[in-house]
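Only one chain is shown below, in structure tokens, and it's the form predicted alone.
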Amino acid sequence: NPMCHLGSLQIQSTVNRDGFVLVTVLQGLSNRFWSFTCCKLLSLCLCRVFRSTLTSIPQTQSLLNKAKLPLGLLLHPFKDLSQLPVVTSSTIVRCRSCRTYINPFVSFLDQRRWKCNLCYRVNDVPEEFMYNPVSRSYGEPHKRPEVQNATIEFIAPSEYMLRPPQPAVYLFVLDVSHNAVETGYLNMVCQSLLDNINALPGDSRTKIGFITFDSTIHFYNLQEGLSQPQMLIVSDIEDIFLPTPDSLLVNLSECKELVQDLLKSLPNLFEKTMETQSALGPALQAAFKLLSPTGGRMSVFQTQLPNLGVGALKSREDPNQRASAKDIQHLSPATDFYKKLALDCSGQQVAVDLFLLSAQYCDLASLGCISRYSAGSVYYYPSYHHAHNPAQVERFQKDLKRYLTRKIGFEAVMRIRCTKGLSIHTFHGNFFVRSTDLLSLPNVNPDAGFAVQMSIEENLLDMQVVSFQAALLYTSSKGERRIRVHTMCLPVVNSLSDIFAGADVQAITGLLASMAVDRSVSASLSDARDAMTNAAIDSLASYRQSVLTIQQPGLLAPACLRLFPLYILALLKQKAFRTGTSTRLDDRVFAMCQLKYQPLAYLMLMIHPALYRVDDLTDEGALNINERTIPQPRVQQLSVEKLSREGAFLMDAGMVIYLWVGRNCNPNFLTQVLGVPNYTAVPQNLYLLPELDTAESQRTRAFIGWLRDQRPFFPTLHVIRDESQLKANFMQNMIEDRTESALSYYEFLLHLQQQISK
């Protein structure tokens, strides 16, 4: 609520542009409430960046075991924030024992001493910290920005550098086989780079380079003074070497004209190629040799199964088994080449981003390792073709622009600390674990999410609160060493009812999804599916047996977990885990990559899409953002029962948006929004709404634009008719309905109830 009372506290809250809840305590603050209530409120401010599956932490592991709920954190540590306090100081105040950064949840014993909220050591306040640069006053250390903000960024002094900060270095590794040229992707990449060359993050030291490959590896000499770029071909892919090591990665500002010349000529160079083979492995080895001295970002574009040289792969997919209810094979890599190379890359501060554009099986389970272990990203555009798939072309173009221009951090590490007694045991995301609590992130980007599982090693009996801190140390594209610190504080409770009351159902679902991906690969898909179902059964059974005082018939859940069965059912029907529906192996593996990598806010839409009726949009309850009126239609249940042939329904499934048009749809919607006279005139492959000068068109486009603006990737739009090929995809997202191979929501609830009542 914007204004509410908690005990004797009067609280006022507002939501800023980043989705943060800004909380002001107006009156009634006392020590009695500080430990329990205020820590929870301040942690609320972090909800889009730092989230716990349980907002009330059990006192003991046995109590946690009894609740049958997972304990873990979900992080979005490098998220774009419009309001981020940045501190420049020669002294960064940290606990002398556990190295925790001073934060809003430490306690000041007096003006000269503070007590760490993780290890409880008493530390001295440095003299410099007594001066507050914001208020320009002396003697109020508790008012410093470090102690006022749960998220803060420091510009680090020299002791945080093992070597001089590296420059921004970008290397593009491009598939130029016949298959690749046929898709037309090369034109798009080169044009996008030409359009955004001045927006690449960096400074006067920024370097850039290019490698292309088919059955041989092609390097490009871009040395200052050449009249045009020089192509150098290495055909010995068994023993790869760099032909001119000093002129393949060049200073962008000094050699910009040569770089632009190369980008203009590159698509034409391979226009008539008949070369069908792909030596991806040797190309990656060459790229690693080139980037090793500096570190940097390797952007790899691949359109087929690599079939030549080291890292060559064979097709492992049997199309006849795609809908099999038996266990899905080949979810793990076919070779350790890509993982080993990724670990080498990580050691040299190189991250690899993989763009996969293919109509055929590419073995993403193997290729994806190059990004997973080097802290890169995987982008996947199945059936990409410049002429036959315009929706994918638009998505690729928009994603590429974001990718080339978004903020980037180099040579990063992230450490997660927690109060004594708690311990971290499993990480999820793209990284290499350097030590028990330290992740190596050669690159960090604002679109990457992480999760960690935790346990309670020592009883927290004498503690009222516990704290968690994530510290991300990185080099900015301008060559500054920076530390971004997020701290969260949560109350400790000793009753199961309090644990259940503080469960965050979305965070729990996100963590379980990551755990299920690991289980699918290490054990089997059926094991993972059983584990997810059992997670719902066990936790709701525990609630029934240990919390409810009166045993009532039916399936009972605490208010905050009422959607838990629905989200578990949604996961079972998600592309990553579904059975009985024809699913390409690469599509399934990519869905698993997304579950491990996407920040929770975007992940939830991929698990449980949002459905809206949009043929009757009005301005009632609309938002006003940047002088745009954004309608806010009511969210519908994901069931065919909620569809009406007289209506039009928009489904937001995260990476894709479907607009389903009923056969008897309101003629006004057809003419005013789609610009067609009747239903039969709706084009089959419509992916762009016409810009009509009507109120209905403006409302619909404003709503879709607003949905797209809220995420860093570009969801494609597909207008669906009854005859559309994509209608099946739309219907598969109707999670509450029964299918041949999966239960309806009602049947699933009955199944859970029967298991709990046993």
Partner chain sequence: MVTLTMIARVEDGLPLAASMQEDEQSGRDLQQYQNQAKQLFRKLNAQSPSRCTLEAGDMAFHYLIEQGVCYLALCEASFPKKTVFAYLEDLQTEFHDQYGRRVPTVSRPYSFIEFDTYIQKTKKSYIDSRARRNLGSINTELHDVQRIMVANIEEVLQRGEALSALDTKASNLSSLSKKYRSDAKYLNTRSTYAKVAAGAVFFITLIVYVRFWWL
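Numbering follows the first chain given and starts at 1. Please read these numbers as outputs of a predicted model, since none were measured by experiment.
Same protein, other form: the form predicted in complex with its partner chain, not shown, and the subject of what follows.
Looking at 118-126, 150-158, 452-460, 233-241, the stretch with residues near its partner chain in the predicted complex, meaning non-hydrogen atoms within 4.5 angstroms, turns out to be 150-158. Interface residue among P133, P293, G580, P677 relative to its partner chain in the predicted complex, by the heavy atom within 4.5 Å criterion: P293. Note on contacts: among N251, S137, S497, T405, the single residue with a heavy atom within 4.5 Å of its partner chain in the predicted complex is N251. At a distance of at most 4.5 angstroms from its partner chain in the predicted complex, all three residues P165, D203 and K207 contribute at least one non-hydrogen atom.
Shown alone here, D246 lies within 4.5 Å of its partner chain in the predicted complex, counting heavy atoms only. A residue is said to contact a partner when one of its heavy atoms sits within 4.5 Å of a partner heavy atom; D195 fails this definition for its partner chain in the predicted complex, lying far away. Using a 4.5 angstroms threshold between heavy atoms, G184 stays clear of its partner chain in the predicted complex. Contact check for P609: every heavy atom lies farther than 4.5 Å from its partner chain in the predicted complex. Residue T88 is the sole member of 71-90 found to place a heavy atom within 4.5 Å of its partner chain in the predicted complex.
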